[in-house]
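Taking the form predicted alone, here's one chain by itself in structure tokens.
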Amino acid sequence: MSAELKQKLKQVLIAELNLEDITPEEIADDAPLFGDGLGLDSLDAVELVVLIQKHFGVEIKDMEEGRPALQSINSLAAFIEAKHSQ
């Protein structure tokens, strides 16, 4: 997985979801995005789906596809790379 993609994902999350007092370096690649990790909620999940499509041209069609993809930066990067290679 590309470190560049993970870095861009972190920057997009911080900027677009208005995460204050956190830098991309402070987000672990394998930390959960929801709950105890970054603390995102269901509204953030909806916004994240839109952001992934806007910034990376990848559509998350439903929760079945989205739930595993939105676990962490690693899973999101893997999902985006897999979609781009199709």
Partner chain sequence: MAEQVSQPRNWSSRSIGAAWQHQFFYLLLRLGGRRAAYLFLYLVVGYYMVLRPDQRAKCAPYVRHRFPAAGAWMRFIHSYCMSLGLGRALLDRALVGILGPERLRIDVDQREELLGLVAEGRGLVLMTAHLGSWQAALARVDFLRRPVYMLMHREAGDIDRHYYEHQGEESPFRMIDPTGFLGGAVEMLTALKQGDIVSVMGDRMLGADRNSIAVEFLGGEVHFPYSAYKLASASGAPIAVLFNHKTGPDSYRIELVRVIRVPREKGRQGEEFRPYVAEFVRALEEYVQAHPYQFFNFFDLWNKEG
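Numbering follows the first chain given and starts at 1. It should be emphasised that the depicted structure is a prediction, and the values quoted were computed from it without experimental measurement.
Beyond the structure shown, there is the form predicted in complex with the partner chain, which is absent from this document and is the topic of what follows.
Would you check, heavy atoms only and a 4.5 Å threshold, whether residue 45 touches the partner chain in the predicted bound form?
Answer yes; at least one heavy atom of residue 45 falls within 4.5 Å of the partner chain in the predicted bound form.
Under a 4.5 Å heavy atom criterion, is residue 36 part of the interface with the partner chain in the predicted bound form?
Looking in the predicted bound form, residue contacts with the partner chain do not include residue 36, since no heavy atom lies within 4.5 Å.
How about residue 15: is it within 4.5 Å of the partner chain in the predicted bound form, going by heavy atoms?
So residue 15 does not count as contacting the partner chain.
When the contact criterion is heavy atoms within 4.5 Å, does residue 77 count as touching the partner chain in the predicted bound form?
Outside the cut-off, so no.
Give a yes or no on whether every one of 49, 53 and 71 sits within 4.5 angstroms of the partner chain in the predicted bound form by heavy atom.
So, yes: the whole triplet contacts the partner chain.
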